[in-house]
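Okay, so here's just one chain, in C-alpha coordinates, the form predicted alone.
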(Lines give C-alpha, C1' and ligand atoms only; values in the text may rest on other atoms or scores of the structure.)
Protein backbone atom coordinates (compact mmCIF):
# COMPACT_ATOMS: atom_id res chain seq x y z
CA UNK A 1 0.00 0.00 0.00
CA UNK A 2 0.93 3.65 -0.31
CA UNK A 3 0.22 5.96 2.62
CA UNK A 4 0.08 9.73 2.89
CA UNK A 5 1.67 10.61 6.24
CA UNK A 6 1.73 14.39 5.84
CA UNK A 7 0.38 17.20 3.66
CA UNK A 8 0.60 20.95 3.30
CA UNK A 9 -1.10 23.65 1.23
CA UNK A 10 -0.26 27.29 0.58
CA UNK A 11 -2.84 29.39 -1.27
CA UNK A 12 -4.23 32.93 -1.05
CA UNK A 13 -6.73 31.51 1.47
CA UNK A 14 -4.19 30.12 3.92
CA UNK A 15 -0.69 28.85 4.63
CA UNK A 16 -1.61 25.40 5.96
CA UNK A 17 -3.89 22.60 4.83
CA UNK A 18 -6.16 23.14 7.83
CA UNK A 19 -6.51 26.87 7.16
CA UNK A 20 -7.46 26.20 3.56
CA UNK A 21 -9.94 23.50 4.50
CA UNK A 22 -11.58 25.69 7.13
CA UNK A 23 -11.81 28.52 4.60
CA UNK A 24 -13.73 26.23 2.25
CA UNK A 25 -16.02 25.12 5.08
CA UNK A 26 -16.75 28.79 5.75
CA UNK A 27 -17.59 29.32 2.09
CA UNK A 28 -14.69 31.69 1.44
CA UNK A 29 -13.23 32.24 -2.01
CA UNK A 30 -9.95 33.82 -3.10
CA UNK A 31 -11.30 34.72 -6.54
CA UNK A 32 -11.00 38.42 -7.42
CA UNK A 33 -11.53 40.39 -10.62
CA UNK A 34 -8.46 42.03 -12.18
CA UNK A 35 -8.38 44.73 -14.84
CA UNK A 36 -5.16 45.82 -16.53
CA UNK A 37 -3.08 43.31 -14.54
CA UNK A 38 0.26 42.59 -16.28
CA UNK A 39 -0.85 44.93 -19.05
CA UNK A 40 -3.45 42.47 -20.34
CA UNK A 41 -6.20 44.17 -22.34
CA UNK A 42 -8.98 41.88 -21.11
CA UNK A 43 -10.18 41.62 -17.48
CA UNK A 44 -10.08 38.27 -15.73
CA UNK A 45 -11.00 36.72 -12.40
CA UNK A 46 -8.34 34.70 -10.59
CA UNK A 47 -7.01 33.58 -7.22
CA UNK A 48 -3.67 35.37 -6.81
CA UNK A 49 -1.34 36.01 -3.88
CA UNK A 50 -1.20 39.63 -2.74
CA UNK A 51 2.06 41.56 -2.66
CA UNK A 52 2.04 41.23 1.14
CA UNK A 53 1.62 37.47 0.91
CA UNK A 54 4.46 37.19 -1.59
CA UNK A 55 6.69 39.21 0.72
CA UNK A 56 6.17 36.63 3.46
CA UNK A 57 6.74 33.68 1.10
CA UNK A 58 9.89 34.77 -0.72
CA UNK A 59 13.23 33.12 0.06
CA UNK A 60 16.50 34.85 -0.76
CA UNK A 61 18.09 33.51 -3.92
CA UNK A 62 14.95 31.75 -5.14
CA UNK A 63 12.23 32.77 -7.58
CA UNK A 64 8.56 33.17 -6.72
CA UNK A 65 7.80 29.68 -8.00
CA UNK A 66 10.76 28.08 -6.22
CA UNK A 67 10.02 29.91 -2.95
CA UNK A 68 6.42 28.75 -3.03
CA UNK A 69 7.44 25.13 -3.55
CA UNK A 70 10.07 25.21 -0.82
CA UNK A 71 7.64 26.74 1.70
CA UNK A 72 5.01 24.08 1.00
CA UNK A 73 7.43 21.15 1.07
CA UNK A 74 8.96 22.40 4.33
CA UNK A 75 5.50 22.56 5.83
CA UNK A 76 4.85 18.94 4.83
CA UNK A 77 8.15 17.29 5.74
CA UNK A 78 8.56 19.00 9.12
CA UNK A 79 11.35 17.12 10.90
CA UNK A 80 11.52 14.29 8.34
CA UNK A 81 15.07 13.72 7.10
CA UNK A 82 14.94 13.81 3.30
CA UNK A 83 18.70 13.56 2.74
CA UNK A 84 18.83 9.78 2.45
CA UNK A 85 19.07 7.92 -0.86
CA UNK A 86 15.63 6.34 -0.41
CA UNK A 87 13.66 9.60 -0.62
CA UNK A 88 12.72 11.32 -3.88
CA UNK A 89 11.19 14.71 -4.72
CA UNK A 90 8.60 14.70 -7.50
CA UNK A 91 7.56 18.13 -8.74
CA UNK A 92 4.38 18.68 -10.74
CA UNK A 93 4.10 21.90 -12.70
CA UNK A 94 2.93 23.20 -16.05
CA UNK A 95 5.11 26.30 -16.56
CA UNK A 96 7.37 26.61 -13.47
CA UNK A 97 9.59 29.70 -13.91
CA UNK A 98 8.23 30.73 -17.31
CA UNK A 99 7.97 34.35 -16.16
CA UNK A 100 11.80 34.50 -16.24
CA UNK A 101 11.84 34.01 -20.00
CA UNK A 102 12.64 37.24 -21.81
CA UNK A 103 11.80 37.71 -25.47
CA UNK A 104 15.04 37.83 -27.45
CA UNK A 105 17.17 37.79 -24.31
CA UNK A 106 19.47 35.18 -22.77
CA UNK A 107 17.90 32.12 -21.18
CA UNK A 108 18.26 31.82 -17.41
CA UNK A 109 18.94 28.20 -16.41
CA UNK A 110 16.04 28.46 -13.94
CA UNK A 111 13.63 28.65 -16.91
CA UNK A 112 14.32 24.96 -17.42
CA UNK A 113 11.96 23.11 -14.98
CA UNK A 114 14.58 20.45 -14.28
CA UNK A 115 17.11 23.05 -13.15
CA UNK A 116 14.49 24.76 -10.98
CA UNK A 117 13.71 21.39 -9.40
CA UNK A 118 17.38 20.84 -8.57
CA UNK A 119 17.60 24.28 -6.90
CA UNK A 120 14.52 23.43 -4.86
CA UNK A 121 15.81 19.97 -3.92
CA UNK A 122 19.20 21.29 -2.84
CA UNK A 123 17.59 24.02 -0.74
CA UNK A 124 15.51 21.40 1.06
CA UNK A 125 18.36 18.92 1.57
CA UNK A 126 17.41 16.19 -0.90
CA UNK A 127 20.37 14.25 -2.27
CA UNK A 128 18.55 12.29 -4.98
CA UNK A 129 17.71 13.75 -8.36
CA UNK A 130 14.21 15.24 -8.56
CA UNK A 131 11.72 14.34 -11.29
CA UNK A 132 9.46 16.92 -12.92
CA UNK A 133 6.08 15.75 -14.16
CA UNK A 134 4.80 18.02 -16.93
CA UNK A 135 1.44 16.61 -18.01
CA UNK A 136 -0.49 19.89 -18.34
CA UNK A 137 -3.45 20.13 -15.95
CA UNK A 138 -3.22 16.50 -14.81
CA UNK A 139 0.39 16.94 -13.66
CA UNK A 140 -0.43 16.84 -9.93
CA UNK A 141 -2.35 13.57 -10.05
CA UNK A 142 0.13 12.11 -12.55
CA UNK A 143 2.91 12.89 -10.05
CA UNK A 144 1.05 10.98 -7.34
CA UNK A 145 0.59 8.09 -9.78
CA UNK A 146 4.33 8.04 -10.43
CA UNK A 147 5.10 8.24 -6.72
CA UNK A 148 2.92 5.24 -5.95
CA UNK A 149 4.60 3.21 -8.68
CA UNK A 150 8.15 4.12 -7.66
CA UNK A 151 7.33 3.07 -4.11
CA UNK A 152 5.65 -0.15 -5.26
CA UNK A 153 8.63 -0.95 -7.47
CA UNK A 154 10.96 -0.63 -4.47
CA UNK A 155 12.95 2.24 -5.99
CA UNK A 156 12.31 4.42 -2.93
CA UNK A 157 10.77 4.19 0.53
CA UNK A 158 9.45 7.75 0.60
CA UNK A 159 8.22 10.19 -2.08
CA UNK A 160 7.59 13.89 -1.51
CA UNK A 161 5.16 15.12 -4.16
CA UNK A 162 4.61 18.85 -4.68
CA UNK A 163 2.38 20.48 -7.26
CA UNK A 164 2.79 24.20 -7.87
CA UNK A 165 2.24 26.99 -10.38
CA UNK A 166 2.16 30.78 -10.32
CA UNK A 167 0.27 33.03 -12.71
CA UNK A 168 1.65 35.71 -15.00
CA UNK A 169 1.10 37.47 -18.32
CA UNK A 170 2.22 34.36 -20.22
CA UNK A 171 -0.25 31.89 -18.71
CA UNK A 172 -3.30 34.14 -18.35
CA UNK A 173 -3.05 35.51 -21.89
CA UNK A 174 -2.70 31.96 -23.19
CA UNK A 175 -5.91 30.75 -21.61
CA UNK A 176 -7.61 33.97 -22.71
CA UNK A 177 -6.53 33.26 -26.28
CA UNK A 178 -8.39 29.95 -26.02
CA UNK A 179 -11.54 31.82 -24.95
CA UNK A 180 -11.56 29.65 -21.83
CA UNK A 181 -11.31 32.36 -19.14
CA UNK A 182 -14.30 33.94 -17.40
CA UNK A 183 -14.09 37.49 -16.04
CA UNK A 184 -16.66 36.44 -13.42
CA UNK A 185 -16.35 33.81 -10.65
CA UNK A 186 -16.52 30.36 -12.23
CA UNK A 187 -19.57 28.12 -11.94
CA UNK A 188 -18.57 24.46 -12.30
CA UNK A 189 -21.17 22.21 -13.94
CA UNK A 190 -23.71 25.03 -13.92
CA UNK A 191 -26.10 25.84 -16.76
CA UNK A 192 -24.69 29.39 -16.93
CA UNK A 193 -20.99 28.55 -16.70
CA UNK A 194 -18.79 30.84 -18.79
CA UNK A 195 -15.27 29.50 -18.31
CA UNK A 196 -12.48 28.97 -15.85
CA UNK A 197 -10.63 31.17 -13.37
CA UNK A 198 -6.91 30.62 -12.89
CA UNK A 199 -5.20 30.38 -9.51
CA UNK A 200 -1.79 30.01 -7.90
CA UNK A 201 -0.87 27.68 -5.08
CA UNK A 202 1.44 24.91 -3.91
CA UNK A 203 0.42 21.62 -2.31
CA UNK A 204 2.56 18.79 -0.99
CA UNK A 205 1.94 15.18 0.05
CA UNK A 206 4.48 12.85 1.67
CA UNK A 207 3.93 9.22 0.64
CA UNK A 208 5.52 6.11 2.18
CA UNK A 209 5.48 2.39 1.44
CA UNK A 210 4.67 1.17 4.94
CA UNK A 211 2.02 2.42 7.32
CA UNK A 212 3.61 3.94 10.42
CA UNK A 213 2.94 2.09 13.66
CA UNK A 214 0.03 3.42 15.73
CA UNK A 215 -1.04 5.71 12.92
CA UNK A 216 -3.89 5.61 10.40
CA UNK A 217 -2.90 7.83 7.49
CA UNK A 218 -4.90 8.19 4.31
CA UNK A 219 -4.26 5.37 1.86
CA UNK A 220 -3.70 5.75 -1.88
CA UNK A 221 -5.43 2.57 -3.02
CA UNK A 222 -5.18 2.82 -6.80
CA UNK A 223 -4.24 5.28 -9.52
CA UNK A 224 -4.19 5.49 -13.31
CA UNK A 225 -3.51 7.75 -16.31
CA UNK A 226 -5.35 7.28 -19.62
CA UNK A 227 -5.66 9.21 -22.90
CA UNK A 228 -8.70 10.28 -24.91
CA UNK A 229 -6.78 10.00 -28.22
CA UNK A 230 -9.32 12.53 -29.48
CA UNK A 231 -7.97 16.11 -29.60
CA UNK A 232 -5.06 17.96 -28.00
CA UNK A 233 -7.17 20.77 -26.53
CA UNK A 234 -10.73 19.44 -26.43
CA UNK A 235 -11.91 16.45 -24.40
CA UNK A 236 -13.58 13.39 -25.88
CA UNK A 237 -17.35 13.84 -26.14
CA UNK A 238 -17.99 10.45 -24.55
CA UNK A 239 -15.36 10.94 -21.85
CA UNK A 240 -13.33 7.98 -23.06
CA UNK A 241 -10.05 8.75 -21.27
CA UNK A 242 -11.73 9.77 -18.01
CA UNK A 243 -13.97 6.70 -18.11
CA UNK A 244 -10.99 4.40 -18.71
CA UNK A 245 -9.11 5.99 -15.80
CA UNK A 246 -12.09 5.54 -13.48
CA UNK A 247 -12.47 1.94 -14.58
CA UNK A 248 -8.76 1.29 -14.11
CA UNK A 249 -8.86 2.28 -10.42
CA UNK A 250 -11.95 0.14 -9.78
CA UNK A 251 -14.19 3.09 -8.94
CA UNK A 252 -17.41 1.29 -9.84
CA UNK A 253 -16.58 -1.82 -7.79
CA UNK A 254 -15.86 0.45 -4.81
CA UNK A 255 -18.86 2.76 -5.35
CA UNK A 256 -20.78 1.72 -2.25
CA UNK A 257 -17.92 3.04 -0.09
CA UNK A 258 -17.35 6.30 -1.98
CA UNK A 259 -18.30 9.45 -0.06
CA UNK A 260 -17.83 11.58 -3.20
CA UNK A 261 -16.07 12.09 -6.50
CA UNK A 262 -13.94 15.22 -6.60
CA UNK A 263 -14.07 16.21 -10.27
CA UNK A 264 -11.80 18.54 -12.21
CA UNK A 265 -14.77 20.88 -12.70
CA UNK A 266 -13.09 23.73 -14.59
CA UNK A 267 -16.43 25.40 -15.45
CA UNK A 268 -15.58 25.27 -19.15
CA UNK A 269 -18.33 24.02 -21.43
CA UNK A 270 -16.64 20.90 -22.74
CA UNK A 271 -14.66 19.73 -19.68
CA UNK A 272 -17.66 19.65 -17.34
CA UNK A 273 -19.83 17.96 -19.95
CA UNK A 274 -17.20 15.29 -20.61
CA UNK A 275 -16.67 14.58 -16.91
CA UNK A 276 -20.39 14.18 -16.27
CA UNK A 277 -20.64 11.63 -19.09
CA UNK A 278 -17.59 9.71 -17.85
CA UNK A 279 -18.88 9.60 -14.26
CA UNK A 280 -22.25 8.26 -15.37
CA UNK A 281 -20.60 5.73 -17.73
CA UNK A 282 -18.46 4.51 -14.84
CA UNK A 283 -21.56 3.66 -12.78
CA UNK A 284 -21.09 6.51 -10.29
CA UNK A 285 -24.29 8.46 -10.98
CA UNK A 286 -25.48 8.01 -7.39
CA UNK A 287 -22.21 9.18 -5.80
CA UNK A 288 -22.07 12.89 -4.84
CA UNK A 289 -19.81 14.96 -7.11
CA UNK A 290 -18.08 18.23 -6.26
CA UNK A 291 -15.61 20.70 -7.72
CA UNK A 292 -13.34 23.13 -5.86
CA UNK A 293 -12.43 25.68 -8.52
CA UNK A 294 -14.95 28.21 -7.14
CA UNK A 295 -12.77 28.58 -4.03
CA UNK A 296 -9.23 28.55 -5.46
CA UNK A 297 -9.51 28.75 -9.22
CA UNK A 298 -7.66 26.37 -11.53
CA UNK A 299 -4.19 26.05 -10.03
CA UNK A 300 -2.86 24.11 -13.04
CA UNK A 301 0.04 21.85 -11.99
CA UNK A 302 -0.93 22.20 -8.34
CA UNK A 303 -4.59 21.28 -8.86
CA UNK A 304 -4.29 17.50 -8.60
CA UNK A 305 -2.33 17.50 -5.34
CA UNK A 306 -4.13 20.54 -3.92
CA UNK A 307 -7.63 19.17 -4.44
CA UNK A 308 -6.64 15.70 -3.24
CA UNK A 309 -5.41 17.20 0.05
CA UNK A 310 -8.60 19.26 0.55
CA UNK A 311 -10.64 16.14 -0.23
CA UNK A 312 -8.67 14.09 2.32
CA UNK A 313 -9.44 16.63 5.01
CA UNK A 314 -13.10 16.65 4.01
CA UNK A 315 -13.29 12.86 4.26
CA UNK A 316 -11.67 12.90 7.70
CA UNK A 317 -14.30 15.43 8.82
CA UNK A 318 -17.10 13.40 7.20
CA UNK A 319 -18.05 16.20 4.81
CA UNK A 320 -18.91 16.40 1.14
CA UNK A 321 -17.87 19.91 0.18
CA UNK A 322 -20.23 21.99 -1.89
CA UNK A 323 -19.49 23.21 -5.41
CA UNK A 324 -19.26 26.99 -5.05
CA UNK A 325 -21.00 28.80 -7.91
CA UNK A 326 -23.23 25.88 -8.87
CA UNK A 327 -26.99 26.45 -9.06
CA UNK A 328 -28.55 24.36 -11.83
CA UNK A 329 -27.08 21.33 -13.59
CA UNK A 330 -25.92 22.25 -17.08
CA UNK A 331 -24.44 18.92 -18.20
CA UNK A 332 -26.13 15.89 -19.74
CA UNK A 333 -24.49 13.30 -17.50
CA UNK A 334 -26.74 12.36 -14.59
CA UNK A 335 -24.56 13.30 -11.62
CA UNK A 336 -25.35 14.51 -8.09
CA UNK A 337 -24.23 18.08 -7.40
CA UNK A 338 -24.85 20.55 -4.60
CA UNK A 339 -23.64 24.03 -3.72
CA UNK A 340 -24.04 23.21 -0.01
CA UNK A 341 -21.69 21.20 2.18
CA UNK A 342 -23.14 17.85 3.21
CA UNK A 343 -22.58 16.22 6.61
CA UNK A 344 -22.14 12.45 6.23
CA UNK A 345 -21.22 11.69 9.85
CA UNK A 346 -23.90 9.02 10.05
CA UNK A 347 -22.26 7.27 7.08
CA UNK A 348 -18.69 7.50 8.34
CA UNK A 349 -18.29 3.74 8.78
CA UNK A 350 -19.40 2.87 5.25
CA UNK A 351 -18.39 5.96 3.26
CA UNK A 352 -14.65 5.86 3.78
CA UNK A 353 -13.21 6.70 0.36
CA UNK A 354 -13.27 9.21 -2.46
CA UNK A 355 -12.18 9.45 -6.08
CA UNK A 356 -10.14 12.34 -7.46
CA UNK A 357 -10.37 12.75 -11.24
CA UNK A 358 -8.72 15.28 -13.53
CA UNK A 359 -8.24 15.98 -17.24
CA UNK A 360 -6.06 18.22 -19.37
CA UNK A 361 -4.67 19.26 -22.73
CA UNK A 362 -2.97 16.54 -24.71
CA UNK A 363 -5.89 14.19 -24.07
CA UNK A 364 -4.61 13.28 -20.60
CA UNK A 365 -6.92 11.98 -17.88
CA UNK A 366 -6.04 10.64 -14.45
CA UNK A 367 -7.80 9.30 -11.37
CA UNK A 368 -7.00 8.32 -7.79
CA UNK A 369 -8.84 6.19 -5.25
CA UNK A 370 -8.14 7.37 -1.68
CA UNK A 371 -9.42 5.74 1.52
CA UNK A 372 -9.29 6.12 5.29
CA UNK A 373 -8.92 2.34 5.50
CA UNK A 374 -6.49 -0.13 3.97
CA UNK A 375 -8.54 -3.32 4.21
CA UNK A 376 -7.93 -4.38 0.63
CA UNK A 377 -5.74 -7.29 -0.31
CA UNK A 378 -3.12 -6.97 -2.97
CA UNK A 379 -1.03 -9.34 -4.99
CA UNK A 380 2.69 -8.69 -4.67
CA UNK A 381 3.94 -6.78 -7.71
CA UNK A 382 5.65 -9.12 -10.14
CA UNK A 383 8.25 -7.73 -12.50
CA UNK A 384 8.74 -9.95 -15.57
CA UNK A 385 11.71 -9.64 -17.87
CA UNK A 386 11.74 -6.80 -20.40
CA UNK A 387 13.23 -6.47 -23.85
CA UNK A 388 13.80 -3.72 -26.40
CA UNK A 389 12.23 -4.64 -29.72
CA UNK A 390 12.93 -1.63 -31.93
CA UNK A 391 14.80 1.67 -31.67
CA UNK A 392 15.41 4.89 -33.58
CA UNK A 393 17.97 7.66 -33.31
CA UNK A 394 17.13 10.90 -35.13
CA UNK A 395 19.51 13.88 -35.05
CA UNK A 396 20.18 16.74 -37.52
CA UNK A 397 22.79 14.60 -39.30
CA UNK A 398 21.65 11.02 -38.73
CA UNK A 399 18.69 8.67 -38.86
CA UNK A 400 19.28 5.14 -37.61
CA UNK A 401 16.53 2.56 -37.25
CA UNK A 402 17.34 -0.59 -35.29
CA UNK A 403 20.99 0.36 -35.60
CA UNK A 404 20.92 0.71 -39.39
CA UNK A 405 21.72 4.19 -40.70
CA UNK A 406 19.26 5.47 -43.27
CA UNK A 407 20.02 7.36 -46.46
CA UNK A 408 18.80 10.96 -46.43
CA UNK A 409 18.98 14.04 -48.58
CA UNK A 410 18.39 16.75 -45.96
CA UNK A 411 19.92 17.82 -42.66
CA UNK A 412 18.85 19.95 -39.72
CA UNK A 413 15.19 20.85 -39.23
CA UNK A 414 14.55 20.30 -42.93
CA UNK A 415 15.30 16.62 -42.32
CA UNK A 416 12.22 16.27 -40.09
CA UNK A 417 9.95 17.71 -42.80
CA UNK A 418 11.65 15.61 -45.48
CA UNK A 419 11.08 12.46 -43.44
CA UNK A 420 7.44 13.41 -42.98
CA UNK A 421 6.94 13.93 -46.70
CA UNK A 422 8.78 10.79 -47.79
CA UNK A 423 7.88 8.37 -44.99
CA UNK A 424 4.50 9.60 -43.70
CA UNK A 425 2.77 12.29 -45.77
CA UNK A 426 -0.75 11.47 -44.63
CA UNK A 427 -1.14 13.62 -41.51
CA UNK A 428 -1.51 17.29 -42.55
CA UNK A 429 -1.80 18.39 -38.92
CA UNK A 430 1.97 17.93 -38.85
CA UNK A 431 2.36 21.46 -40.21
CA UNK A 432 0.44 22.99 -37.30
CA UNK A 433 2.69 21.45 -34.66
CA UNK A 434 5.66 23.01 -32.94
CA UNK A 435 9.15 21.62 -33.76
CA UNK A 436 9.28 19.38 -30.64
CA UNK A 437 5.97 17.70 -31.47
CA UNK A 438 6.99 17.29 -35.12
CA UNK A 439 10.23 15.62 -34.08
CA UNK A 440 8.47 13.24 -31.68
CA UNK A 441 5.71 12.39 -34.17
CA UNK A 442 8.05 11.62 -37.08
CA UNK A 443 10.45 9.59 -34.92
CA UNK A 444 7.59 7.58 -33.41
CA UNK A 445 6.07 6.93 -36.83
CA UNK A 446 9.32 5.58 -38.25
CA UNK A 447 9.71 3.46 -35.13
CA UNK A 448 6.22 2.01 -35.46
CA UNK A 449 6.76 1.36 -39.16
CA UNK A 450 9.79 -0.69 -38.19
CA UNK A 451 7.70 -2.61 -35.67
CA UNK A 452 5.28 -3.56 -38.41
CA UNK A 453 2.31 -4.25 -36.13
CA UNK A 454 -1.28 -3.31 -36.98
CA UNK A 455 -1.84 0.42 -36.54
CA UNK A 456 -4.60 3.00 -36.28
CA UNK A 457 -6.93 0.83 -34.20
CA UNK A 458 -7.94 1.52 -30.61
CA UNK A 459 -5.22 0.29 -28.26
CA UNK A 460 -5.17 0.55 -24.47
CA UNK A 461 -2.18 -1.61 -23.58
CA UNK A 462 0.63 0.61 -24.90
CA UNK A 463 1.89 3.61 -22.95
CA UNK A 464 3.70 6.59 -24.42
CA UNK A 465 6.29 8.06 -22.04
CA UNK A 466 8.84 10.67 -23.12
CA UNK A 467 11.57 12.67 -21.39
CA UNK A 468 13.59 15.77 -22.17
CA UNK A 469 15.58 18.64 -20.68
CA UNK A 470 14.39 21.79 -22.45
CA UNK A 471 10.64 21.26 -21.93
CA UNK A 472 8.84 23.30 -24.63
CA UNK A 473 11.30 26.20 -24.72
CA UNK A 474 11.20 26.51 -28.51
CA UNK A 475 7.40 27.03 -28.43
CA UNK A 476 7.60 29.20 -25.31
CA UNK A 477 9.80 31.67 -27.16
CA UNK A 478 7.46 31.74 -30.12
CA UNK A 479 4.43 32.41 -27.93
CA UNK A 480 6.25 35.03 -25.87
CA UNK A 481 7.00 36.93 -29.09
CA UNK A 482 3.26 37.07 -29.77
CA UNK A 483 2.53 38.91 -26.50
CA UNK A 484 5.62 41.09 -26.32
CA UNK A 485 4.48 44.68 -25.83
CA UNK A 486 1.06 46.26 -26.09
CA UNK A 487 1.27 47.06 -29.79
CA UNK A 488 2.44 43.58 -30.68
CA UNK A 489 -0.12 41.76 -28.56
CA UNK A 490 -1.61 38.95 -30.66
CA UNK A 491 -1.67 35.77 -28.53
CA UNK A 492 -2.13 32.66 -30.64
CA UNK A 493 -4.12 29.75 -29.17
CA UNK A 494 -2.50 27.27 -31.57
CA UNK A 495 0.97 28.37 -30.44
CA UNK A 496 0.04 28.52 -26.75
CA UNK A 497 -1.15 24.92 -26.49
CA UNK A 498 2.21 23.67 -27.75
CA UNK A 499 3.93 25.42 -24.86
CA UNK A 500 2.80 22.28 -23.00
CA UNK A 501 5.46 19.64 -23.80
CA UNK A 502 3.10 16.76 -23.08
CA UNK A 503 1.35 17.54 -26.35
CA UNK A 504 4.11 15.43 -27.90
CA UNK A 505 2.72 12.28 -26.28
CA UNK A 506 -0.83 13.46 -26.94
CA UNK A 507 -0.13 13.80 -30.67
CA UNK A 508 1.34 10.29 -30.79
CA UNK A 509 -1.71 8.93 -28.97
CA UNK A 510 -4.09 10.66 -31.37
CA UNK A 511 -2.18 9.54 -34.45
CA UNK A 512 -2.17 5.90 -33.33
CA UNK A 513 -5.44 5.71 -31.32
CA UNK A 514 -3.60 4.89 -28.10
CA UNK A 515 -5.85 5.08 -25.03
CA UNK A 516 -3.23 3.90 -22.56
CA UNK A 517 -1.04 6.09 -20.37
CA UNK A 518 0.66 9.15 -21.83
CA UNK A 519 3.18 11.00 -19.65
CA UNK A 520 5.95 13.56 -20.10
CA UNK A 521 8.86 14.03 -17.69
CA UNK A 522 11.56 16.69 -17.50
CA UNK A 523 15.04 16.00 -16.10
CA UNK A 524 17.90 18.46 -15.49
CA UNK A 525 19.97 16.42 -17.96
CA UNK A 526 19.85 13.15 -19.85
CA UNK A 527 19.89 10.43 -17.20
CA UNK A 528 19.27 6.87 -18.37
CA UNK A 529 19.12 5.49 -14.84
CA UNK A 530 16.29 7.84 -13.86
CA UNK A 531 14.50 7.18 -17.14
CA UNK A 532 14.69 3.43 -16.66
CA UNK A 533 13.30 3.72 -13.12
CA UNK A 534 10.25 5.60 -14.39
CA UNK A 535 9.79 3.22 -17.32
CA UNK A 536 9.95 0.13 -15.11
CA UNK A 537 7.60 1.65 -12.56
CA UNK A 538 5.14 2.62 -15.30
CA UNK A 539 4.85 -1.02 -16.30
CA UNK A 540 3.24 -1.74 -12.93
CA UNK A 541 0.01 -0.51 -14.50
CA UNK A 542 -1.99 -3.74 -15.05
CA UNK A 543 -3.08 -2.64 -18.54
CA UNK A 544 0.31 -1.58 -19.88
CA UNK A 545 2.11 -4.30 -21.80
CA UNK A 546 4.55 -2.15 -23.78
CA UNK A 547 5.95 1.37 -23.90
CA UNK A 548 6.85 3.70 -26.72
CA UNK A 549 9.41 5.72 -24.84
CA UNK A 550 12.69 7.60 -24.89
CA UNK A 551 14.39 11.00 -24.99
CA UNK A 552 13.08 13.76 -27.30
CA UNK A 553 14.67 17.21 -27.06
CA UNK A 554 14.64 20.16 -29.45
CA UNK A 555 16.92 23.13 -28.76
CA UNK A 556 17.20 24.68 -32.23
CA UNK A 557 16.87 23.78 -35.94
CA UNK A 558 20.41 22.39 -35.86
CA UNK A 559 20.37 20.87 -32.38
CA UNK A 560 17.81 18.20 -31.56
CA UNK A 561 17.73 14.56 -30.57
CA UNK A 562 15.13 11.81 -30.62
CA UNK A 563 16.27 8.50 -29.20
CA UNK A 564 13.13 6.42 -28.90
CA UNK A 565 12.47 2.73 -28.50
CA UNK A 566 9.77 0.16 -27.81
CA UNK A 567 10.08 -2.03 -24.75
CA UNK A 568 7.85 -5.00 -24.06
CA UNK A 569 7.28 -7.29 -21.11
CA UNK A 570 8.32 -10.90 -21.49
CA UNK A 571 6.03 -12.99 -19.29
CA UNK A 572 7.51 -16.27 -20.46
CA UNK A 573 10.91 -15.42 -18.98
CA UNK A 574 9.57 -15.23 -15.43
CA UNK A 575 9.86 -12.40 -12.96
CA UNK A 576 11.02 -11.17 -9.61
CA UNK A 577 9.69 -9.02 -6.82
CA UNK A 578 10.41 -5.30 -6.28
CA UNK A 579 13.33 -5.54 -3.80
CA UNK A 580 15.54 -6.54 -6.73
CA UNK A 581 14.85 -3.13 -8.27
CA UNK A 582 16.31 -1.05 -5.49
CA UNK A 583 18.61 1.12 -7.56
CA UNK A 584 18.95 4.59 -6.11
CA UNK A 585 18.93 7.79 -8.09
CA UNK A 586 22.26 9.52 -8.77
CA UNK A 587 23.27 12.20 -6.28
CA UNK A 588 22.48 15.79 -7.13
CA UNK A 589 25.21 17.50 -9.05
CA UNK A 590 26.74 14.34 -10.54
CA UNK A 591 27.20 14.48 -14.29
CA UNK A 592 25.33 11.69 -16.06
CA UNK A 593 26.45 11.53 -19.68
CA UNK A 594 24.13 10.40 -22.42
CA UNK A 595 24.39 6.67 -23.05
CA UNK A 596 22.70 5.72 -26.33
CA UNK A 597 24.21 2.25 -26.12
CA UNK A 598 21.90 1.47 -23.22
CA UNK A 599 19.00 1.27 -25.67
CA UNK A 600 20.01 -2.34 -26.25
CA UNK A 601 20.17 -3.09 -22.55
CA UNK A 602 17.01 -1.80 -20.96
CA UNK A 603 16.93 -3.45 -17.50
CA UNK A 604 14.54 -6.25 -16.75
CA UNK A 605 11.35 -5.48 -14.93
CA UNK A 606 7.60 -5.24 -15.01
CA UNK A 607 4.91 -5.21 -12.42
CA UNK A 608 1.36 -6.18 -11.83
CA UNK A 609 -0.66 -4.69 -9.00
CA UNK A 610 -4.08 -6.11 -8.38
CA UNK A 611 -6.46 -4.73 -5.78
CA UNK A 612 -9.48 -6.68 -4.60
CA UNK A 613 -12.00 -5.74 -1.94
CA UNK A 614 -12.24 -8.23 0.93
CA UNK A 615 -15.93 -7.44 1.31
CA UNK A 616 -16.81 -8.22 -2.30
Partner chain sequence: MEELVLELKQRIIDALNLEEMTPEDIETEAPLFGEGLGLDSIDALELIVLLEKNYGIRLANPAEGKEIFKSVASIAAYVNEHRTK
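Residue numbers count along the first chain shown, from 1. Treat the numbers as computed from the prediction; the structure is a model and nothing was measured.
The discussion below concerns the form predicted in complex with its partner chain, not included here.
Engineer: Just one of 324-332, 419-427, 199-207, 133-141 has heavy atoms within 4.5 Å of its partner chain in the predicted bound form; which?
Structural biologist: Correct option: 419-427.
Engineer: Just one of 513, 74, 341, 231 has a heavy atom within 4.5 angstroms of its partner chain in the predicted bound form, so which one?
Structural biologist: If I apply the 4.5 Å criterion carefully, the residue I get is 231.
Engineer: Scan 250, 491, 185, 435 and let me know which has any heavy atom within 4.5 Å of its partner chain in the predicted bound form.
Structural biologist: Of the listed residues, the single hit is 491.
Engineer: Heavy atoms within 4.5 Å of its partner chain in the predicted bound form: does residue 42 have any?
Structural biologist: Taking the distances in the predicted bound form, the answer for residue 42 is yes, it comes within 4.5 Å of its partner chain.
Engineer: Although its partner chain is absent from this view, report whether residue 497 comes within 4.5 Å of it in the predicted bound form, heavy atoms only.
Structural biologist: Yes, residue 497 sits close enough to its partner chain in the predicted bound form that at least one of its heavy atoms falls within 4.5 Å.
Engineer: Does any heavy atom of residue 401 come within 4.5 Å of a heavy atom of its partner chain in the predicted bound form?
Structural biologist: No, no contact at 4.5 Å.
Engineer: Please tell me whether any heavy atom belonging to residue 236 falls inside 4.5 Å of a heavy atom of its partner chain, as the geometry stands in the predicted bound form.
Structural biologist: Although its partner chain is absent here, residue 236 would stay clear of it in the predicted bound form, with no heavy atoms inside 4.5 Å.
Engineer: Only counting heavy atoms and a 4.5 Å limit, does any residue of 166-184 reach its partner chain in the predicted bound form, and if so which ones?
Structural biologist: Result: 177, 178, 179.
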